[in-house]
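What follows is a single chain, given as structure tokens, in the form predicted on its own.
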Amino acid sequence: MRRIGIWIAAGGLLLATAACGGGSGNGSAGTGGTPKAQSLSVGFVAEPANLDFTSTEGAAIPQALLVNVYEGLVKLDQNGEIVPLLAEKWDVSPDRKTYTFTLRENVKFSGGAPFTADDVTFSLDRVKSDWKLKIKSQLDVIDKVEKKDDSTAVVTLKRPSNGFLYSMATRLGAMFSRTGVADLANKPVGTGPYVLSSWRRGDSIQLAANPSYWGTKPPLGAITLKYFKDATAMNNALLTGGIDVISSVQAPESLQQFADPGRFETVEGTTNGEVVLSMNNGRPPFDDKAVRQAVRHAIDHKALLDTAWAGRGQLIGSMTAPTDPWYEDRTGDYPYDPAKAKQLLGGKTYNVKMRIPNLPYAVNSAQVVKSQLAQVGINAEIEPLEFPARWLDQVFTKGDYDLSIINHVEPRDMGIFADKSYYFRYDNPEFGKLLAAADEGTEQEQTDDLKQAAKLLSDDAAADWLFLFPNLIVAKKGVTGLPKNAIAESFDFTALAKQ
């Protein structure tokens, strides 16, 4: 399975600042004339239950900790390219099965232990032995991990894999200290530019600059991720100075509040986040392809986007984003056609349960979906579930739902449909074969096969793709380094600064 794109809308830890005010750091002189380190407070939604992304689903944890607290050998840049991080370079054998990583020297974990090739073998072996998430299967392609010397690690694959290095840029590639995994849920130990300073559960978490960081020191001394369940409260916090940044606008229609260019700046870009109308392929009525196809024809996607998310975002039509090399616009596969939908239903009506996370984009979208499905004879009862705990338990884990809506934000996550135990309960062996061929083939074969796989998902109406979630950030004037695009799992704080 892949991670459920669940930063899904946002997830996030919240962090309060060490001294309490998040946005209050101003770089003024402290005791004895020593300059205070500047701090920044960033608003998020959907606080994670703990800080262990090796055993807990959802993207909220890596959104806050990956790259910032934990680092991998490689990471994704703003253009989606794989670039060096803890590995200063890597070499690939001619048969594409052996990766030799040359590690940076003088890197230490925040607990004080040096980072060496032993930690690479420990971390990657641990994915197989200790990780609880199904996404760990992405690294099943690894045959063995070996230490050549302290600064060289060699990973041998069972077969060539186009996806291996990309997976290493996700949480799966995070490097852990051999002496720092006793309490991952509460005490993360990484090599990153920040360390966990404090966590006020239900409110916020603070990250402080790592004084022993190996790389360029971050401009800010502290980052606070502040937790808001209500979009209005988060907007008001920015308007009144309680926070400095809204990481993901949860009420796009409210952007006019921040139209003053002298006070605020808005950043609008793209994400990997496919807002999916999930249909339970494993039980009636959505085990019937015709019913699923009827749903796709019954939804006016442009009207939904305009109504639910103020027209912000992009229509896509399948489980790929425009930043993927194999993306094709599949919005024409199921044009809005209520008459066709009724024909596919054969005059039957259905009563179904739509169990959604209590997140703004899902709640707004559900109202539109409910109204449009009712026009063709599918009556959906909306049941909002507390996110993440109840939604993950009832829908994601137990598969106890008919319809749901969730933002799958992880990069290149089409493979979640290859696992029939995943909450979609989609089962088409041909789809899995296409993914396997794509992973092992040439670059062109990968692109061709994944285009076919995306088309197959669309033809089967395995789900419906409502829209691609936009990256909408609002910040106080003077905040710099904001990411235009959110195409990795992490909200990278390392470039943020205040003028």
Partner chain sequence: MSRRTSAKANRGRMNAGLLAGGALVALVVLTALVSFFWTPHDPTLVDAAGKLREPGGGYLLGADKFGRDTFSQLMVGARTTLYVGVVAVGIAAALGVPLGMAAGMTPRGWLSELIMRVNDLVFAFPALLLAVMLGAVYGAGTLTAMIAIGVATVPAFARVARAATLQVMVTDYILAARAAGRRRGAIALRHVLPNIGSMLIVQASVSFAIAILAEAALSFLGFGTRPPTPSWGRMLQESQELLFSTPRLALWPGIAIALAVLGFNLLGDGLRDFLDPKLRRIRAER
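From a predicted model like this one, the values you see are computed outputs, not experimental measurements. Numbering follows the first chain given and starts at 1.
There is another form of the same protein, the form predicted in complex with the partner chain; it is not shown, and what comes next is about it.
Considering non-hydrogen atoms and a 4.5 Å limit, does the partner chain approach Val155 in the model of the complex?
No, Val155 is distant from the partner.
Would Leu86 count as a contact of the partner chain in the model of the complex, using a 4.5 angstroms cut-off between non-hydrogen atoms?
No - in the model of the complex, heavy atoms of Leu86 and the partner chain never come within 4.5 Å of each other.
For Pro252, is any heavy atom within 4.5 Å of the partner chain in the model of the complex, or not?
Heavy-atom contact with the partner chain at 4.5 Å: present for Pro252.
Just checking whether Asp288 would be counted as a contact of the partner chain in the model of the complex - the rule being heavy atoms within 4.5 angstroms.
Although the partner chain is absent here, Asp288 would stay clear of it in the model of the complex, with no heavy atoms inside 4.5 Å.
For the interface check, one of 360-368, 99-107, 172-180, 70-78 should have non-hydrogen atoms within 4.5 Å of the partner chain in the model of the complex; which one?
Going through the listed ranges, the match is 360-368.
Of Asn351, Ser93, Thr323, Thr232, which one comes within 4.5 Å of the partner chain in the model of the complex, counting heavy atoms only?
Checking each option against the partner chain in the model of the complex, the one that comes within 4.5 Å is Thr232.
Exactly one of Ser212, Gln343, Gln375, Gln314 has a non-hydrogen atom within 4.5 Å of the partner chain in the model of the complex; which residue is it?
After the contact test, the surviving option is Gln375.
Would you say all of Asn236, Thr307 and Glu383 touch the partner chain in the model of the complex, counting a heavy atom within 4.5 Å as a touch?
Yes, because Asn236, Thr307 and Glu383 each have a heavy atom that approaches the partner chain to within 4.5 Å in the model of the complex.
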